[in-house]
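Two forms, one protein chain; C-alpha cells for each follow separately as structure 1 and structure 2.
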Structure 1
Amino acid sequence: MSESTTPVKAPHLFTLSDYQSGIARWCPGCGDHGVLAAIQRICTEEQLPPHKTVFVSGIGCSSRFPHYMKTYGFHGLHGRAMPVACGVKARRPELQVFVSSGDGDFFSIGAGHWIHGVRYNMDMTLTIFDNGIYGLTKAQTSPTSPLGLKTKTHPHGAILPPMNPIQATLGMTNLSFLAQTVDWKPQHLKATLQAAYKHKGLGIVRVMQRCTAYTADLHDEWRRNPEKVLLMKHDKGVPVDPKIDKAFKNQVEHDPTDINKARELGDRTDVLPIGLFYVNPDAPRYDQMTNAGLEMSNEDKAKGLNAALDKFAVR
C-alpha cells in the first residue's frame, strides 16, 4: 500500500492584526496605549485563539480595553469587572480571561470584589491601570491620588493620604501573584504582564501610568531619575532581558515567596519598586472547584433541578 499523499494542513498562525480592533480613543501619550500594545504582543507570542480569549472590564478610560481587542469582550458596570470575569471562568474554564480596571474602578467602588477576587484566585490575568485620578469623568480624586493633588472634588488639594494597594493586597487571603510595573518601561511592562499570564492563578499587575490630561507629571520623580526606580530581581521573579537590566542601576535580589520581605518593599516610598512582590503557586484556585457538573447533559441538569425544586413542594 502506498503512503497517503494527502497534504498535511499547517496550523493557523495568529498575527498581531488578529487581535487589533479599531483605533484606541485614548489621549495621545496615555499609558493605556503601551499596555494595549504589550498585551496584543503577548497574545500573538502565546498564540491565543481570539475565539477562546475574553477581555472583561468595568468603567473608566482603561475599561475601554475590550473595545480594542478582536476577541470576546464584556464592558461591565462600574467596579464589577471581577465578578463578571469570575463567572465567565467558572463555567467556561477553557477560556483565557483578562481583566482590565483602573484605580478608581477597582480600589474604590470595586474594593469588595478586589478582596474576594484575590481570595478566589481564579486563573485570570488582572491589569490595574493606576494614574491616581478619575480621568474619564474629568478629574475627581481617586483612592490613590497623592496628598494635595487638586481635583474637581478637592479643588484645594486631596486631604487624605493615598491608599497603598500593594500593602493592602499583600494582606489579603489566598494571594498568589502580585507584581508592579510602569508604562514608561515597555520591555519590563510586557515581561511583567506575560509572567502574570503564565502564572496559574490570579496574576495581578499594577501598572503605574500617566494620564496626560490630568496627572501628566504625577510620576516625574521616578521617570526623570532612574535611580528612584528599584528593580526587584530573582530567578522566581519577572525575567528581565540582560540588555534592559543595565538600564536599572538600583536593584535588589528579592525572593517573591518571602511575603514579609514583600511587605517591606511594598512599604517603601523613597523608591518605586517594580517587579514581582509575591508569588504562591500552591494557593488553591476556585475555578478548579466551580467546574463541577460541566460534563452533565441538559437532561441530567433538568432532572437535578427538578429534584431540588421538589423538596419545596407543598403536599
Structure 2
Amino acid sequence: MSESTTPVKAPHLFTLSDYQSGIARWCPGCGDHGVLAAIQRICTEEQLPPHKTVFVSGIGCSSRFPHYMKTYGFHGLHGRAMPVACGVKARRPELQVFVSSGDGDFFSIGAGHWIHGVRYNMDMTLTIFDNGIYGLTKAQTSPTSPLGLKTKTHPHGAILPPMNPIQATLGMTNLSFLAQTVDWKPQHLKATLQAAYKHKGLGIVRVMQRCTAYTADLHDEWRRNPEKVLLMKHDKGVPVDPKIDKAFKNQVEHDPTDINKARELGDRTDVLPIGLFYVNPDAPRYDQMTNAGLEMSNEDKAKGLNAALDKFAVR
C-alpha cells in the first residue's frame, strides 16, 4: 500500500459531553457546579483524552467531583487525596491528574499532605473548594470558618481566628503556583483554573465559594463591595477578561515571581486578593524524579537483579 492511498484518519475531537457524567448532586446554587462547568470546558479546550485523565479527591462535597467527570477517577479517603494523586502520577507521567479538595479535607484532616504536596511539586492541578464550613456532614466549624460563625460544633460562634491558607502556603518550600479566585465570577474562575492546568508543576487554586445551605452569606462583604476585591494583574499572571477588568476596579500590578510582594498581598485581610499570587516555573518537580527507570528493559532488570544477588552470593 502506497502512502498516498493510506486513509488519513481525522483526529477525534472530544466534545463537552465526553467529559460529562450524570447530574451533579450538589445543592442548587452551590459553587461546585461552576467549578465543574469550568473544568469540563477546560478539558474540552485542551482536548484531554478522558482515558488519560484522572480526577482524585478526598471526602466532602467537593470530593464528589470525580463522579461527575467521564474520565478515570479516585474518590478516596478524607484528607488523603494528595498522596493518592502523587502515587498515580509517580509512575504514569503521561496521565493528566486533577485533585479536588475542600477546606476541611485539605487544610484540616489532610494538612500534613499540604506542606509535603507543595514540596513534591508534581505536575497536576489542585482545586481547593473553600466554603468555610463542613457541608457534607452538615455544618461543623472548618479551619477557615470566620470568627463567630455559628456552627453545629460551635453554636455560640467559632472561637478561633480563621486560618489564612494563602499566607501559610506562601511560606512553604518549593511552591510553584498559587492562585485565588471566586465562584461568583465564572470568567475569572475558568481563567485561573486554566492557568493552573497549563502550569508545569503543582498548580494550586483556592476557590472562594459559598455553601448555599450553611454559609450562603460568607462572602457578602466581597460580593456586595467589588472594590474590596483586589484584582492582581500581570503579564505572567492569570489572563484578565475585559468583563473582569471592568468589574473589579481595585487592581494591583503584581509580578507573581516576586515572593515578598506575594506574601504582603497574602497577608491582607482588608481586601480579597484574586489572581496569581506566586509562580516559579523552575521549582524542582518530584514527578520528574519518581519516573526514573520506567524505560528499563526486562533484560536489563534481570541483569540488575542478578548483579544485586551477586553481592550476597556465597562464592
Partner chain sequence: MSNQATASVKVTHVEEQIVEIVSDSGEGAQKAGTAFAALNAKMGNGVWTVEIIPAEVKPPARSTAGASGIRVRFGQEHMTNMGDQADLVMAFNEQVLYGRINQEAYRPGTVILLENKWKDSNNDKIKAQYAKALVDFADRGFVVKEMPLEEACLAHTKNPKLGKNMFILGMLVWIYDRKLETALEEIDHLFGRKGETVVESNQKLCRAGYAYAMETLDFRFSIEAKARAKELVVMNGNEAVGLGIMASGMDLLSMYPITPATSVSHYLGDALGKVGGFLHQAEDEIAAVGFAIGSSYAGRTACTVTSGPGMALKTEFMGLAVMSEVPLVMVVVQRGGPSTGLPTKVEQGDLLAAIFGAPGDAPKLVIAPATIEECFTFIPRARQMAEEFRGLVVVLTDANLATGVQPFPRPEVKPEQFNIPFEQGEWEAGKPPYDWDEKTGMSPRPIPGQVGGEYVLTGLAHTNFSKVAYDPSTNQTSSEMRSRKFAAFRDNLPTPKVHGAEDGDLLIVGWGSTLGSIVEAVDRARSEGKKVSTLHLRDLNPLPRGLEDIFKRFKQVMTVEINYSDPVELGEDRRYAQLAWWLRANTLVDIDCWSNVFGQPIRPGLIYDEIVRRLSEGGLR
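Along the sequence of structure 1, residues get numbers from 1 upward. For clarity, a rigid core is taken as the largest C-alpha set superposing within 1.5 Å between two forms. From a predicted model like this one, the values you see are computed outputs, not experimental measurements.
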Here the form predicted alone is displayed as structure 1
Core-superposed comparison between the two structures, residue 25 Cα displacement 2 Å or beyond: no
Once you lay the two forms on top of each other by their rigid core, how far has the C-alpha of residue 298 moved between the two structures, in Å? 5.3
Once the two forms are overlaid on the core, the CA atom of residue 309 shifts between the two structures, in angstrom, by 8.1
